[in-house]
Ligand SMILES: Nc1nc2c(c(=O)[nH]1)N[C@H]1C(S)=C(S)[C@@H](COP(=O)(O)OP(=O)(O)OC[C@H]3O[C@@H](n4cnc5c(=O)[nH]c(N)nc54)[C@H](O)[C@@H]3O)O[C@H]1N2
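Given as structure tokens, the chain that follows is alone and in the form predicted alone.
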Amino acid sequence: MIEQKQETVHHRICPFCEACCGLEITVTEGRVKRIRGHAADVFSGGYLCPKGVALKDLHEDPDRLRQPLIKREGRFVEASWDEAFAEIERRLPPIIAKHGPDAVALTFGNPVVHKAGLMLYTPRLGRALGSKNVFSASTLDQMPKHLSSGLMFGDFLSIPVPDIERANFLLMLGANPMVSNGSLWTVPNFRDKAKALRARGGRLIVVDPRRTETAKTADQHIFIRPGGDVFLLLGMVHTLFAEKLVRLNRLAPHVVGVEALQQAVAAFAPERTSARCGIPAETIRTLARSLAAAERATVYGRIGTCTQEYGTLCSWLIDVLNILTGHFDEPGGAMFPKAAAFQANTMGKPGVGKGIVTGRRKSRVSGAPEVLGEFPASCLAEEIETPGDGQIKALISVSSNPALSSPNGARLGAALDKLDFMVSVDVYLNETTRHADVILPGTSPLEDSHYDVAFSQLSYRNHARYSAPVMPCAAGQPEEWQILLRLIGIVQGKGAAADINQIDDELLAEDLRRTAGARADELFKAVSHRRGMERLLDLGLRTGPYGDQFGASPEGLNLDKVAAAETGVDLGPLGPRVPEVLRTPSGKIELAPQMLIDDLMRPAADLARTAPGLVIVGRRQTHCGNSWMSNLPILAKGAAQCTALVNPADALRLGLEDGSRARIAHGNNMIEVNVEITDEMMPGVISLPHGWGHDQPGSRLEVAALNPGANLNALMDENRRDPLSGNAVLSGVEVQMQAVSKPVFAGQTR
């Protein structure tokens, strides 16, 4: 009789993109046998993209680090955890003692938001360190939206999202959710939701310099000059006022600044803005009229609107359009999710607050203002290189790869080698961590528990889901929140051998004294049977808007209930939240924040500027995400992905052939790329995907190195930023392009 191998089935939230799809993972004898979409998942309903299946590759990747590494005489050697933390204790505290906490920078990247332990404990590490030098990936793609939302609604994370399941008109700028499944908008299976929108008689219009996967399924696609979004949006707002199409409806008592806004946009008639965005004036007016006339409509913009010099203005004007046309905080329009835990706009007194403050300090070299407690990632190199008081001498990086993902990474890589000490928490030896002195490997996503701390605050539908570990951690492997607690103990001067459970208790007690006041001891005791991330999650759920409030609402949520719900807990569609969601000092939606009104001087002056020539933009890809997914075989299969898309007219003018090599230059920065000629590109625009360039010596990424591709960000000027948010300008940058070689065909050699 043949012995049957025992199979177990587990459910896990996919950690690879913002869609957060529910996975069904079959495990046989300790190995992943199969990954499918979880059909009963209340949020994603069984949807699965190719990235989800690659979770097996990540878990089994031989390049994924499983032991700490210490650099000895320029070479990494494996070490025990005790040895690694002892090395950090030996080298990091003396730097803090001699130069102060600001001499140590903290940087964290995209994977942090997909790992609940990192998400909840990295801020704790930052507070314990006490350094003003904090950097993250947010200033590479999304800080403009945080800033505009904070100014308008009073909290950096009060970001409205399209209520797509009830909309009948969706205008989309600089976004490709057919590939990304949303960004700052968690919406798995956008494809079917868009089909349903059109099936009920709705319209989808995409404005983009490339006919993207989303644009190809839309009712209408409109080319736009990269960087011209602000002129399209200003022309639309102008039209609403000029043609008396403004309808605030029930929001009228909750909005201030309408008159100031009307005066500020008076100079931006579509006839004046048309040339700079490349869209006819009548088309601009028609878009505004259609938006105003639609019954349930919303405007959504994403990375293309953020990674440009007018990122904050674009992010603001998108919400302005939704508000002025009566499509804000209404079903089918732009609405605020209501997360089950950790959402600041569900805490404290509803409808009023302190608002946000920016620029509390400025970066030492460039004088860039702090936003959301961070300086621009593009300032990191100069802060390391430039001598003087406050110079960065050491760095702690947490799942961060700025040497690849930030502008002019070559400069940053050289700067990292000048540090006195660097420690990285990361699962890979990559383009950034190769510069570290100690690398502390985190866990595989299959080895940790998870809850979507951030993405539940951006979801198209309210829900709560928890993932238990699928696999046990290797012997001796600490959980990621434990790694960070150990680092906290070191920077606090308690040493590597400090009791991290005691440190965790002290941090929680401090949080509760600040937030719960007289109930602090009671709440601490109520969750004291848990530790680490699960304890914080239980506390967050129980005190959240759907929580059991420690017995006061017995039917409410707690971690036990959410964990027991194998398919997740559906908390219903988005609902109106104005005015309770607001945290502005006025208790109103600030339609015309002075910072943004003042910044309109820049596009006003820009109207007279000649549009740039050949420009470059990034793009999203189904089989690739950010740089940390490039080493996974299942995503690396198939045709070459890192190609420069070029319009046929531009290719003819530049002497380029399909499949040939070309050189792209911006200033002194230069890369070589493979050319793909396609009419999906707007003339005068080329496109290259983000997250490539895996050809750096000293990295340990075998699969990625086979097809390293070209790094788009290596072209970029680290000194070009949106002056309000500090976000790097990575889109619409003027470049030069020339042929390097002819295409190579079978049987030929170059």
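When you see a residue number, it is the position in the sequence shown, counting from 1. Note that the structure is a prediction, hence the values are computed from the model and not measured.
What follows is about the form predicted in complex with this ligand, which we do not show.
Contact annotation: Gly109 falls within 4.5 Å of this ligand in the predicted complex, judged by heavy atom distances. Looking at Ser725, you'd find every heavy atom of it more than 4.5 angstroms from this ligand in the predicted complex.
By the criterion of a heavy atom within 4.5 Å, Asp141 is counted among the residues contacting this ligand in the predicted complex. This ligand in the predicted complex comes within 4.5 Å of a heavy atom belonging to Trp628. Contact here is defined as any heavy atom lying within 4.5 Å of this ligand in the predicted complex, and by that definition not a single one of Thr217, Asn647 and Met682 is a contact residue. Here the chain stands by itself, but in the predicted complex one stretch of 568-576, 351-359, 523-531, 302-310, 302-310, has heavy atoms within 4.5 Å of this ligand. This chain lacks the partner; the member of Arg276, Lys338, Arg486, Lys115 within 4.5 angstroms of this ligand in the predicted complex by a non-hydrogen atom is Lys115. The contact with this ligand in the predicted complex, taken as any heavy atom within 4.5 Å, belongs to Gly174 out of Gly174, Pro593, Gly326, Gly409. Taking this ligand as positioned in the predicted complex, the residues of 699-715 that bring a heavy atom within 4.5 Å of it are, in sequence order, Leu712, Asn713.
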